[in-house]
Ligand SMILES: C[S@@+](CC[C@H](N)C(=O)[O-])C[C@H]1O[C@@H](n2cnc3c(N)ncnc32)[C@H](O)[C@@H]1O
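Starting off, we have a lone chain in the form predicted on its own, written out as structure tokens.
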């Protein structure tokens, strides 16, 4: 989401509409490229110390993260709600020479919050998937189920500070979130938790725009499922 969008109807129905295949197919079809094609800076930082294995990229968009991971030696499954976006991922992966290391799948978080079989992937990464507060527990619990024992869940999101600072418009109550929301939903801080907390951070970075650079804050959570 961008600070340049106009205000939206913040009703729950409208927020959920923005998660549908129709919404995203129309958005991707309206432009040759919606995103930069570069990998998410936080993903690059957070996987630097991990040994490549199997990875699931949830809400992959046009595939910048998935293609980068495949280029680093990961066997990647990339899923998204838009078939238009998935077709672009396939084309970009072939252009990058990593098509043999990347599989594609359809994922509709509202229809079924589980993007894959339980306990399957060494890394599950989800970047900037902002959903209504009411849907957050089911969706993020469903995504987390895909992490294999000993594997990692990496969540990157826009931090609520970006709204209060004016860096981004408020697109709906609670859409942007802090690390605690992920930890709470997954019970990561409970004494008998299935998760080891490796990273919780809220760093800032400079983001480019047509109006010039501006500072934004990210939410980062990296958890390891105990073996």
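Residue numbers count along the first chain shown, from 1. Treat the numbers as computed from the prediction; the structure is a model and nothing was measured.
Here the subject shifts to the form predicted in complex with this ligand, a form of this protein not shown in this document.
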Exercise. Which one of these stretches, 104-112, 69-77, 144-152, 91-99, sits within 4.5 Å of this ligand in the predicted bound form when only heavy atoms are counted?
Worked result: 104-112
Exercise. Would residue 59 sit within 4.5 Å of this ligand in the predicted bound form, counting heavy atoms only?
Worked result: yes
For this session: With heavy atoms only and a cut-off of 4.5 Å, decide whether residue 28 touches this ligand in the predicted bound form.
Result: yes
Exercise. Contact between residue 81 and this ligand in the predicted bound form at 4.5 Å, heavy atoms?
Worked result: yes
Problem set entry | 4.5 angstroms heavy atom contact with this ligand in the predicted bound form for residue 129 | yes
For this session: Decide yes or no: are 177, 190 and 219 jointly within 4.5 Å of this ligand in the predicted bound form, with each residue judged by its heavy atoms?
Result: no
